[in-house]
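Below you'll find only one chain, the form predicted on its own, shown as structure tokens.
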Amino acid sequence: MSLQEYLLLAAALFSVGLYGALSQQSIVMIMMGLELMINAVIVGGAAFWYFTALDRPDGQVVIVLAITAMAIEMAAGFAVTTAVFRARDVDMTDMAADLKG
């Protein structure tokens, strides 16, 4: 595969994730859309690293840090979502409107 094909894959993943994040009302589905968008950024970054500086390991470090940050973000988001659901029985974004600060 060439760089353009990887970038096309990343753009497709980002587009699907953006549609999922903007069109859904379920908190979990919105988080899944956000995860797809972050994965698209990781795919694009890994493709650029592979095709531009394969012999340098700093691209791998950035990709691993991005994956770690994504995992931590999603774990924290699901923990908050679970806590809100248990406390208020809310699983849709419209029903969580009273949580505004």
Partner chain sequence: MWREFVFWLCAAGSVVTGVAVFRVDSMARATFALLASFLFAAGTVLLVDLTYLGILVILMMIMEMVIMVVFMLMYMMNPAGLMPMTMVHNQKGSLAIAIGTFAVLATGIYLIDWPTSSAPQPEDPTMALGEALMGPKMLMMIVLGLALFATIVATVVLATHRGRYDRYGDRLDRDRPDDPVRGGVGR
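C-alpha atoms forming the largest set that superposes within 1.5 Å between two forms make up the rigid core. Residue numbers count along the first chain shown, from 1. Remember, predicted model here, so these are calculated numbers, not experimental data.
A second form of this protein, the form predicted in complex with its partner chain, is not displayed here; the remarks below concern that form.
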Notebook entry, point to check: Taking its partner chain in the predicted complex, which residues of 53-70 have any heavy atom within 4.5 Å of it?
Noted result: 53, 54, 55, 57, 58, 60, 61, 63, 64, 65, 67, 68, 70
Notebook entry, point to check: Fitting the rigid core first, would the Cα of residue 44 be found 2 Å or more away between this form and the one not shown?
Noted result: no
Check: Is residue 33 one of the residues whose C-alpha moves 2 Å or more between this form and the one not shown after the core fit?
Finding: no
